[in-house]
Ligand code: HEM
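Have a look below at one chain only, the form predicted on its own, in structure tokens format.
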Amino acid sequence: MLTRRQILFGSIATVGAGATSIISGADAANAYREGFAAAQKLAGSKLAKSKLTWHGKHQAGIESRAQAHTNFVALNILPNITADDMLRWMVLLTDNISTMCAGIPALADPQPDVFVGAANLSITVGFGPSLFKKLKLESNQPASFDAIPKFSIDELQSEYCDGDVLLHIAADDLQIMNHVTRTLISDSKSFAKMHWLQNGFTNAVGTVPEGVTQRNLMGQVDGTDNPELGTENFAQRVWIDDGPAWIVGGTQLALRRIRMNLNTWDLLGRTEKEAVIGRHLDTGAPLGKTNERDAIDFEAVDDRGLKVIPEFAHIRRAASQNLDEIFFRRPFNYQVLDASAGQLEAGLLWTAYARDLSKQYLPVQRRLAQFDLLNKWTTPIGSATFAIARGIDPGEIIAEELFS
């Protein structure tokens, strides 16, 4: 294969002959294409073979880089399903998860050739408040865990709300993720029916540097103030360390589907957009600062005596007012066709993970609902909460203690 230097200088020394052979542009182009194809094949194979650790104290798919593609699937259990039935379902799901996350097709997969690898697949299982009521398992429900109340800014649609059981499937390959989703839904038909499916996405692997905060479809960085992955701070804010055995090592999830009015947002100038958010759009830095993670100065004023970060700015209302209001945000973009309006609908599948949503997340959401100028361009249309079971070791069953 030709080297970059040989292509640039257009010649190769002929060994022992003291002469040179000129490389044509066509030869250089062909060499490039061959090398590019080989590199792409290697990269594709490497991605397909990439795996996340599926076992351990916590379920995968939370304390890790967000994959490029995600499906949130809510299911409602069939009539007369018992706790014993649920345990049989969890055995089946556990086998599927341990197999597919290891890069192996599920046992009964009718199209195993579609599943070419894990591509950083994660499958996370959780349970909604309605399930505990249906099965009379309230005594095993995490303390203070319940459905999120409806806020004044909400225009909730039932097809995006609630659900008995959550399957959160994510991967860096769209075909693999969708095949896994279909497999899990098919294997669950004897126990539950689909309530809703919500599909989201982030940047593809390699699009942005590692550690760079992703942007939502409004163009703003989203998730800057998160506790850092793998730290004690993250563990203290997210993972539950007390309560029923099945949830110790798990967490609580709030999922909000937030529709964006990009048609009117796009009419704003950069200055107006930055004032609404409270951050510079290019760097993500707080207004008046240079870097994305610079400390926010809410008291700073400009030469006119006005607050640099306006009172109505989103980051002012969203900022935690005490240590109890810190949680982990993990947003995914979505875009679908609104057939009734004949236009695209875009927004966020916005998630909050906390050991106690009632203490960490709800106070912040109440402030945002009361007074946040961003509400003019965003509307929550879906809302659901789930208790995410602890992780398991090989040979264990997901949520076995809950249904035994």
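Sequential numbering from 1, following the sequence displayed. Keep in mind that this is a model prediction, so the values were computed, not measured.
Same protein, other form: the form predicted together with protoporphyrin IX containing FE (HEM), not shown, and the subject of what follows.
Sole residue of I315, I176, M86, L167 within 4.5 Å of protoporphyrin IX containing FE (HEM) in the predicted bound form, by heavy atom:
Checking each option against protoporphyrin IX containing FE (HEM) in the predicted bound form, the one that comes within 4.5 Å is I315.
Pick from K307, R329, R182, K289: which has a non-hydrogen atom within 4.5 Å of protoporphyrin IX containing FE (HEM) in the predicted bound form?
By the 4.5 Å criterion, the partner-contacting residue is R329.
Three residues, I258, I296 and W350; all within 4.5 Å of protoporphyrin IX containing FE (HEM) in the predicted bound form via heavy atoms?
Every residue of the spot touches protoporphyrin IX containing FE (HEM) in the predicted bound form.
Specify the contacting stretch among 59-67, 46-54, 372-380, 337-345, defined as having any heavy atom within 4.5 Å of protoporphyrin IX containing FE (HEM) in the predicted bound form.
It is 372-380 that comes within 4.5 Å of the partner.
Check R279 for me: does it contact protoporphyrin IX containing FE (HEM) in the predicted bound form (non-hydrogen atoms, 4.5 angstroms)?
Flag for R279 set to yes.
Distance check, G223 to protoporphyrin IX containing FE (HEM) in the predicted bound form, heavy atom within 4.5 Å:
So G223 counts as contacting protoporphyrin IX containing FE (HEM).
So in the predicted bound form, does N216 come within 4.5 Å of protoporphyrin IX containing FE (HEM), heavy atom to heavy atom?
Contact check for N216: yes, within 4.5 Å of protoporphyrin IX containing FE (HEM) in the predicted bound form.
Whether A319 contacts protoporphyrin IX containing FE (HEM) in the predicted bound form should be assessed with a 4.5 Å heavy atom distance threshold; does it?
Within the cut-off, so yes.
Need the contact residues for 342-367: heavy atom within 4.5 Å of protoporphyrin IX containing FE (HEM) in the predicted bound form, sequence order, or none if there are none.
Contacting residues: L348, W350, Y361, V364, Q365.
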